[in-house]
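A lone chain, given as structure tokens: the form predicted alone.
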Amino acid sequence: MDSIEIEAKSVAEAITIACEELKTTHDNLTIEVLQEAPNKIFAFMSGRKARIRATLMPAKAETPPARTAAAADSAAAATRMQEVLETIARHIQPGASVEVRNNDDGIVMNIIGDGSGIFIGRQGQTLEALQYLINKIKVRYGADAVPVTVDSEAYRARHDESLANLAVKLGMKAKKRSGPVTTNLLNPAERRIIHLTLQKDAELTTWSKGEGVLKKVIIVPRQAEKSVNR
């Protein structure tokens, strides 16, 4: 701990000198007056000066920055949506719970049940319905910009892997027949997986066709692209 003793004509002058020598401000010093200066009338006769001991206070530990209001609001909205989904899930299956995690695409809410697949439904239809409902409810909590994915029993990962495998098979089929191959109707997330998987294949091109939310993906060899109407 830095500490110095200073003599000067007055305590105030001694403090000023201490601040200069320790390169800090008065607020960061602990001042101990060792000797007061005499009254001005007697100062010349006595020759006595004021003397202080100035000690530099230890640096305050930096406190972590507070979360921004936006981050706090987002976290609160996620908690409320988790509570809503958990209430719905427990009406379907008592004892069910919901875990929440963040990823690059937004918030993932994973329903934990008894493993029977009741929250998945046929071809994930129950999950899609729950996800649609939660994404509608979230607008009430001011979290409209944050997409929410509802999952259960790692269905999303298994389904994505299945779609990627399907894309590869259809791509091979398109190249073998030198003509277009079409998928069934897919939602935007499913189409994105098909497009991204085949994007790596320089011999193929893909595009979506149809109206509304559900559309088909057309997979065509590049050499035959000009002969196919989009």
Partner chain sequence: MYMKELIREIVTALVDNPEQVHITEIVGEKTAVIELRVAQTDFGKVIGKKGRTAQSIRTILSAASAKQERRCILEILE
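Positions refer to the first chain, counted from 1. As the structure is a prediction and not an experimental result, all values here were calculated from the model.
Keep in mind that the form predicted together with its partner chain is missing from the display, and what follows is about it.
Put simply, of 97, 102, 125, 79 only one has a heavy atom within 4.5 Å of its partner chain in the predicted bound form, and it is 125.
Checking 108, 112, 146, 137 for any heavy atom within 4.5 Å of its partner chain in the predicted bound form turns up a single hit: 137.
Although the partner is absent from the chain shown here, none of 15, 19 and 56 has a heavy atom within 4.5 Å of its partner chain in the predicted bound form. Contact check for residue 150: no non-hydrogen atom falls within 4.5 Å of its partner chain in the predicted bound form. Although the partner is absent here, residue 92 is a contact residue: one of its heavy atoms lies within 4.5 angstroms of its partner chain in the predicted bound form.
Although the partner is absent here, residue 133 is a contact residue: one of its heavy atoms lies within 4.5 angstroms of its partner chain in the predicted bound form. Contact check for residue 129: a non-hydrogen atom falls within 4.5 Å of its partner chain in the predicted bound form.
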